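First, one chain by itself in structure tokens, the form predicted alone.
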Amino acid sequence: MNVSAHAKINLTLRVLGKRPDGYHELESIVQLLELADTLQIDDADTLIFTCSDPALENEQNLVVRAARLLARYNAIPRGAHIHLEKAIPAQAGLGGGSSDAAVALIALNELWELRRPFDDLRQLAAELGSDVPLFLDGPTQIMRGRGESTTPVVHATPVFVVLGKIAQGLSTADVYARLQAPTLAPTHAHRQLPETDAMVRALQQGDIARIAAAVVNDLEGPALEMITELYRVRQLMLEAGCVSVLLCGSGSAVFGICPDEPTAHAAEAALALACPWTWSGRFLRWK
């Protein structure tokens, strides 16, 4: 079987505080994109993993860890031949590894005829990483906690975006370490943030201008301090017609909201001056 593992962007990302377990409490609206890795999965006696990027062919790859975790959880000696064709760059803030792992869990549950309920897969996904569970759900989610809690946001807005990534990557841990003390204030019980409410309304109303105005990412400031080259990428996007520009997750990719498809293509061409990797396309739509 061939399955797609889609990239994500964070339309909003607020860091509410540091939790007792060492993770950060988040509230974020996460949107999947048409951009996707591809996993080709076939039955086999043992687990065989190959990748279009040989540097990712190792036991620490989240796809391998997902397969071994699912097999161990079900106490089965089954294997699979998994080939991962990468389209999503690493250290970009696009969630490629987490998406690959989530899709591997779903596909292997089907291939091995395990019939494990969705809640079991969510539990295993959370063991693999904080944001892996969100890739099990629909294309737009409100993510809370350390990433394990998700709520769907159903909308039909055909938003076009452009992505650009510089050669240098960013470590998520390093970006979080640069957050200033006010961001890390103690977390208290809270209602849904006004930033979240504003983005949900904009998405459901199909208002591109309001979507563009509502984007926010608490990690952007620290990331820009670490790599000032990102300022140039942001400026190129704005000059090319993007109506707003924001860091993707913890970076180092940046996305721009575009008013239409021609602008997205033009912005992608302009980014070639600064970025070795670019992409333009649409939000993944609800079916």
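Values in this document were obtained by computation on a predicted structure and should not be read as measured data. A residue's number is simply how far along the shown sequence it sits, counting from 1.
There is also a form predicted in complex with a small molecule; it is not shown, and the following applies to it.
Stretch 129-137 is the contacting one of 89-97, 161-169, 129-137, 75-83, since its residues have non-hydrogen atoms within 4.5 Å of the small molecule in the model of the complex. Put simply, residue 201 is far from the small molecule in the model of the complex: not one heavy atom of it is within 4.5 Å. In the model of the complex, residue 14 stays away from the small molecule, with no heavy atom inside 4.5 Å. By the criterion of a heavy atom within 4.5 Å, residue 23 is counted among the residues contacting the small molecule in the model of the complex.
In the model of the complex, the small molecule sits within 4.5 Å of a heavy atom belonging to residue 173.
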